[in-house]
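The data below hold one chain only, encoded as structure tokens and taken in the form predicted alone.
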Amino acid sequence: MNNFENLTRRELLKVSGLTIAGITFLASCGAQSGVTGTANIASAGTVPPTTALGEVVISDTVLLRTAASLEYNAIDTYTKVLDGGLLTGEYASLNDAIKRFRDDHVDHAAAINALVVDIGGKAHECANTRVNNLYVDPALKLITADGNADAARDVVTLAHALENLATQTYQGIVALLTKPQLRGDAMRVGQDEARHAVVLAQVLNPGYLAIGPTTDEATGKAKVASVPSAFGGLASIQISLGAPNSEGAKTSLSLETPSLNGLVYDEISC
């Protein structure tokens, strides 16, 4: 007879310090590895099937189409900001700058898509769906939620993050593009995104002392800097948005450049 069948429920919980949660975890591990479960081990639910990313080729067209998609993320976001009148109060004067940035992104998207077509690819003229779902849509929902007194400043925070996201994306693909001319073209667009980020950083943290990295003495966190490091970083971009909770903290979001399942492959269309 199985030894576990001779144990009471209370004794079972004492065996090796296991809890019901631990037993359930072991049961699920056994199910995944092909081990047949027994009625003596608690289990809950089923393991959802996973879909592995198919075999894909990350070509120059894929990299450039992905970059173009981020341009449309910025275009769409800035259009929503302008149409929604989200920049108010002391930030209302930024509307002209946001219009200019949007126009720049329209030009960037056209330039990048022209490169895609020149090397035999198909232009991609819409936003990156994954970036929208993970970052932009949740951010705009937080910004426009009732009770957010810092909505206008949060718009600038999001814009600064998107410009940095685009900058990092171009910085990342430069090393992967196979043709020197494409690298140069990508770098020229990327430096425009970096200029946008600098302008927005000065809005969030103005002054000469804000050019380089500084730390908030009260929180110990790094302040927004126009030039945050000697070389462009590729780390995730942390932002806090929305109305503060009961403890005074805003919701944190972490933006990252597109990974394998966020790239715009050749078969993807708008």
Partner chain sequence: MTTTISSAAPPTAPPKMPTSADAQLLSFAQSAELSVHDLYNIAINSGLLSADEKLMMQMFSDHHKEYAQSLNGLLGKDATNTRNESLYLTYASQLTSAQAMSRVLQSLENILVATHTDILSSLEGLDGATLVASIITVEARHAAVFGTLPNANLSSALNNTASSLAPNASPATTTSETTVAP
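Note that the structure is predicted; figures quoted are calculated from it, not measured. Numbering follows the first chain given and starts at 1.
Keep in mind that the form predicted in complex with the partner chain is missing from the display, and what follows is about it.
Participant: Of 115 to 123, 144 to 152, 178 to 186, 75 to 83, which is the one stretch near the partner chain in the predicted bound form, taking non-hydrogen atoms within 4.5 angstroms as near?
Facilitator: Result of the contact check: 178 to 186.
Participant: If you check in the predicted bound form, is Asn245 within 4.5 Å of the partner chain, heavy atoms only?
Facilitator: So Asn245 does not count as contacting the partner chain.
Participant: So in the predicted bound form, is the partner chain close enough to Gly207 to count as touching (4.5 Å, heavy atoms)?
Facilitator: Heavy-atom contact with the partner chain at 4.5 Å: present for Gly207.
Participant: Would Gln238 show up as a contact with the partner chain in the predicted bound form if we use heavy atoms at 4.5 Å?
Facilitator: Outside the cut-off, so no.
Participant: May I ask you to check whether Leu158 falls inside a 4.5 Å heavy atom distance of the partner chain in the predicted bound form?
Facilitator: Result no; Leu158 lies far from the partner chain in the predicted bound form.
Participant: Go through Ala111, Val199, Leu134, Ala92 and name the one with a heavy atom inside 4.5 Å of the partner chain in the predicted bound form.
Facilitator: Looking at Ala111, Val199, Leu134, Ala92 one by one, just Val199 meets the 4.5 Å heavy-atom criterion.
Participant: Val57, Ala97 and Gly232: each with a heavy atom within 4.5 Å of the partner chain in the predicted bound form?
Facilitator: So, yes: the whole triplet contacts the partner chain.
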